[in-house]
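Considered here are two forms of the same protein chain, supplied as structure tokens in two stand-alone entries, structure 1 and structure 2.
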Structure 1
């Protein structure tokens, strides 16, 4: 069998989830081709253990994001019966568009995968798990942090392909740059604030903790809707992002079902809330009943003591 992996990038470099995609592909056996859109991170991709070859696909169309143009450039290079991408927004787009152009089905947000193929994925925002059997070639996007990363030490050959593909989506103006901060959907640790933070300026306390931990800062919908300073890109939940970090810290968030939808599959959850009956404590592995005003300074102090040693 051969598998094609579409690599994931962020800020001009290979994203670590790519090694997880290769890890998942390796468990199925067979050869693994990694396609790097725009050539981003192709030499790093070649170093991932188990990769057979890397195709760096380059061309003007990769200068800005145009889903259909990218997929037209990539699809002809696909080898084998299975295309894997990450379940980021771009990864899902490409999986669907490539699948449609190959006339095969796509299954998104898969958390486990076995040969043949059988896949499981959370549905209804994690309120149920679905197992599907796929009886044809297909494209599958994989949820981050659900598969073991392949190690490094690979030494795959990198070939470059130049494509000229018309782009139809032209960027006229950048309105706000993607935050320099790591995105909630990419981070291993996320600390989110809710309406209980009182005012948006108080998010600086969350940022300080985030800086110590290398975490991303997220927010509840109430925080995003109430305060213009908190962008929707930070929102976690049903109508925001779904996150699966190793540690999710919820501060001043009540734990409404729509918020839980976006974070309940985190490996560990720490909640800080002044209300001992807040529903967030129902999903928290560690719950601290306290105001953030009291808790965050102590948390900051202990984390920096621990992590600076």
Structure 2
């Protein structure tokens, strides 16, 4: 079973109820992904015991709460069939909206949850307790202080997805995070394009970025199979070359399993794709939801500035 927990924040920090949500998820077994709206508390969420992965969802829409915008940004990143949120005003709102976007039922204000998917919740202003049977997929909001908190000691992977409409902001954040892990003067950098590049002539834009970084240019199998102009020698993947660079930039690549097999061991993965549901975001350390036409010019500009300083 895979469970997605929507974290709760307060005053710019992770709210303690998030650990309670993870504790409830742990009692059900399986993997646990924590999604942190606005990126708030992502490092703290990674330290919670039992968490498998943390997704930091960043963007200008998180500057203030807007249920529709938040739900639109978060829903494509939900993993598994069970979504847990707190039963705060925001948590209940998000649970309902995410459930609607997924086309699944929602159960609110749950105070107990069992592995067999039996839940209890107060009804009639707390005058009665209702026991309900739950089957996945569904979304559930849990009442605070009704579940034991998961402890510390976790070391989950943290990946970031930027849904900002301002591509300049997204690229700056991606480069800032990448520079924490790599030396951009090193040559072990690969930038690869997929069929999302539109046509082989557009790989010239990848070559321009590669020239700035001293990087190699790669391609997905889909690009190689579609266009004869893209040679097999550029193919990264299970039936191509396996690469383990410090930085791997995937542009217009959906993330088929055979491609992931050839690059997922890269130290830092930056993905640029207009499809927020693209599997590549599942392995990326930082994702930018954008077309390559919008993102690459900004990427080139800021790389040039970075390397000239």
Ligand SMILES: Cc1cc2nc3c(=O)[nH]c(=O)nc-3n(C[C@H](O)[C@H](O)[C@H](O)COP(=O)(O)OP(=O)(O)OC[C@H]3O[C@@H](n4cnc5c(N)ncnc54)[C@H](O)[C@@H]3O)c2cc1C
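Positions refer to the first chain, counted from 1. Each form is matched to the other, and the largest set of C-alpha atoms that superpose within 1.5 Å is called the rigid core. On a predicted model such as this, the values are computed, not experimentally measured, just so you know.
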item	value
Form selected (criterion: the form predicted on its own)	2
C-alpha of residue 287 moved at least 2 Å between structures 1 and 2 on rigid core	yes
Residue 106 C-alpha relocation of at least 2 Å between structures 1 and 2, rigid core basis	no
Rigid core superposed: residue 153 CA moves 2 Å or more between structures 1 and 2	no
Cα shift between structures 1 and 2 at residue 164, which is computed once both forms share a superposed rigid core (Å)	3.3
